[in-house]
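So this first bit is one chain, no partners, the form predicted alone, shown in C-alpha cells.
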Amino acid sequence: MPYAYLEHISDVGIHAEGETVEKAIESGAEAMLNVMFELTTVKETVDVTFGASAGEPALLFVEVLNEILSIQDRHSFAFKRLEVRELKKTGEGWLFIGTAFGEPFNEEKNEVKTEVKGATYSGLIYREEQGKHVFECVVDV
C-alpha cells in the first residue's frame, strides 16, 4: 500500500509515498479519501480537472488535498482517486494540474466513514528517502 496512517491524538495523520512526486501526491489523496469513504462503494462516473500552486512540494500537497475537499463539498461528489496530469517547477514554485475521479454523492450507496474538514500544515513533511518521495500531514476530522 502506498500510504499509511500515523497515530494522532484527535485527527488522522497521513503518510504517502511513491516512486515520483506525482505518485506520492496521488497516494496521499487516496489516503485522505479513504478516511472519508469506503472507496469500494465509489464509482468513477465523473471527473473534475483542477489546478493548484505553491512555493514548495509540501505546501503543494496540502493545497491539492484541500482543493479536492473544496470541489467535493461544493458539488456534492464522492471522489475515489486523483490522477496527476502535470506537475512542474516554475520560477515561482510548483504548478499542479490533476483530475479527481468519483461520482455524485449518494448517501444510500456511498459508505461514509468520517468527515475530513481539511488538510493541515501540522506534521507537514516532504522528503526523499530510499528512492521514494514521501509526504506526511495531518487531516482535520
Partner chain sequence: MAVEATGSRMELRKVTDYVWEIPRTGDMLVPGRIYADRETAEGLLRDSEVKKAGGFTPALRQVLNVACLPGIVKASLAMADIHPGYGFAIGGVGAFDMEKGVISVAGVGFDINCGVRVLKTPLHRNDIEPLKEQLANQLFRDVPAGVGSTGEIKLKEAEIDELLIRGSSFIIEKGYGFPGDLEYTEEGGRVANARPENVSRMAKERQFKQVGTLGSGNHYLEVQWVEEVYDIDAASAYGIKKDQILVAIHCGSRALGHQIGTDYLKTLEAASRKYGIPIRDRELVCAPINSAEGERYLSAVNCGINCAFSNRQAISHLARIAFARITNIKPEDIKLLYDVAHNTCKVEGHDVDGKMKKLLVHRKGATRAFGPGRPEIPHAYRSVGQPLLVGGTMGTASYILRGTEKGMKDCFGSAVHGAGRALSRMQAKRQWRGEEILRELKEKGIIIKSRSKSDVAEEAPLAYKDVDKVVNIMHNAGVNQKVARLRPLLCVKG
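In this text, all values refer to a predicted model and were calculated from it rather than measured experimentally. Residue numbers count along the first chain shown, from 1.
Same protein, other form: the form predicted together with its partner chain, not shown, and the subject of what follows.
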| query | Hey, of 40 to 48, 58 to 66, 96 to 104, 82 to 90, which bit sits against its partner chain in the predicted bound form at 4.5 Å between non-hydrogen atoms? | reply | 58 to 66
| Quick one: in the predicted bound form, does every one of G13, A119 and L124 get a heavy atom within 4.5 Å of its partner chain? | yes
| request: Find out whether any non-hydrogen atom of M36 is located within 4.5 angstroms of its partner chain in the predicted bound form, and reply yes or no. | output: yes
| task | Although its partner chain is absent from this view, report whether K113 comes within 4.5 Å of it in the predicted bound form, heavy atoms only. | result | yes
| query | Using heavy atoms and a 4.5 Å limit, would one call V134 a contact residue for its partner chain in the predicted bound form? | reply | no
| Does its partner chain come within 4.5 Å of any heavy atom of R74 in the predicted bound form? | yes
| Sequence-ordered list of residues in 127 to 141 near its partner chain in the predicted bound form, where near means a heavy atom within 4.5 Å | E136, V138, D140, V141
